[in-house]
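Starting off, we have a lone chain in the form predicted alone, written out as structure tokens.
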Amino acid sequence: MNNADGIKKPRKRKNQISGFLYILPALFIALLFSYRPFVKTIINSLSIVNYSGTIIDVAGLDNFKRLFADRNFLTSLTNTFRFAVMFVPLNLLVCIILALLVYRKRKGTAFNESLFIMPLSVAMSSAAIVFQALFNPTIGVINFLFNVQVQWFNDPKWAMWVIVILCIWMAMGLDFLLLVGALRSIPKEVLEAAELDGSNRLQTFFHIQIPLISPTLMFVIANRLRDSMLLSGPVLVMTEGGPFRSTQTLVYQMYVEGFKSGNYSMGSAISVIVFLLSLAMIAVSFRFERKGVFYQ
């Protein structure tokens, strides 16, 4: 072994150690604020935990059995899936329409883009308070503009729709940016060739543009499915699960059980179920990715 090889090995080892030291703070933060709480939540879900957060006995799967026998939990589960069914397709449809309106550079396009991405600068809690005022049954602007007398927050049929509309508005900024970027990345030659072949705009959209932006569509759908399972902020600010538990979701019930009632065992069990549902929905969406997503 010559001197050059002898010098390179210590340098290589030193670079490896320094690289590990650089990522050590990130690993420490991840362990402290992500993995440790995750493991503790699983342990609490299988235990009986007192009001001070101390484990006093082992419960096994009894907490989960009690949950699935609880009508309030089944209502929360149904509402969470109902929100996902309403929110994800409508959000995707709205964002695709907006992206199609402005993806071609025209006069005023920059102004329209600024309007569509404006929700990115608004916090969820602030937007929820504004929407609560807009949909107020007595002094709200919405009832006045459409000349209706809908009791938005007192009618189980309409309360969830207010939350869906708010969440679509909040998600619109990021999803619009992703979709308009995907549409603009399609080579112009491909669209011009389709036009020369006699393809109309509808055919071009469904047979060329949709397949070419399918990776972005996949990301948006998976992201919003996850958000649907984690819905809590608008419910907490606007409805508190009402009326008659019609907007109570899994995460909101977890908050009520764990933080308001001090029932950490049931709150942790709901957290585990939310995690498993989110994981299952993402896995199903990736299953469809193999058949319907084109990366080339």
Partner chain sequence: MKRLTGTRTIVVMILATIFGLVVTFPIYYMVAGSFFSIREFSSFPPTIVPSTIRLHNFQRAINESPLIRFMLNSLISASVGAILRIAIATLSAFAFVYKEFKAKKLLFIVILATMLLPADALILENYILISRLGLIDTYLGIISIHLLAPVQMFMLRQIFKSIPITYREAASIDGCGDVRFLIRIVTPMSRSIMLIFLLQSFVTIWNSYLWPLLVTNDTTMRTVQVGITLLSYAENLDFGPVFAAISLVVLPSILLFLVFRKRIVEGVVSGSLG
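Please read all numbers here as calculations on a predicted model, not as lab measurements. Positions refer to the first chain, counted from 1.
The following text describes the form predicted in complex with the partner chain, which does not appear among the structures shown.
**Q** Using a 4.5 Å heavy atom cut-off, which of 155-163, 84-92, 121-129, 71-79 contacts the partner chain in the predicted bound form?
**A** Only one stretch passes the 4.5 Å heavy-atom test: 121-129.
**Q** Consider residue 110 of the chain shown here, and say whether it contacts the partner chain in the predicted bound form, taking contact as heavy atoms within 4.5 Å.
**A** It does: once the partner chain is placed as it appears in the predicted bound form, residue 110 has a heavy atom within 4.5 Å of it.
**Q** Is there a heavy atom of residue 205 no more than 4.5 Å from a heavy atom of the partner chain in the predicted bound form?
**A** Although the partner chain is absent here, residue 205 would stay clear of it in the predicted bound form, with no heavy atoms inside 4.5 Å.
**Q** So in the predicted bound form, is the partner chain close enough to residue 33 to count as touching (4.5 Å, heavy atoms)?
**A** Contact with the partner chain, yes.
**Q** Test of understanding: in the predicted bound form, would residue 232 fall inside 4.5 Å of the partner chain by heavy atoms?
**A** Yes, residue 232 is a contact residue.
**Q** Though the partner chain is not shown, can you say which of 177, 150, 210, 194 has a heavy atom within 4.5 Å of it in the predicted bound form?
**A** Residue within 4.5 Å of the partner: 177.
**Q** Taking the partner chain in the predicted bound form, which residues along 103-119 bring a heavy atom to within 4.5 Å of it?
**A** Result: 103, 104, 105, 106, 107, 110, 112, 113, 114, 115, 116, 117, 118, 119.
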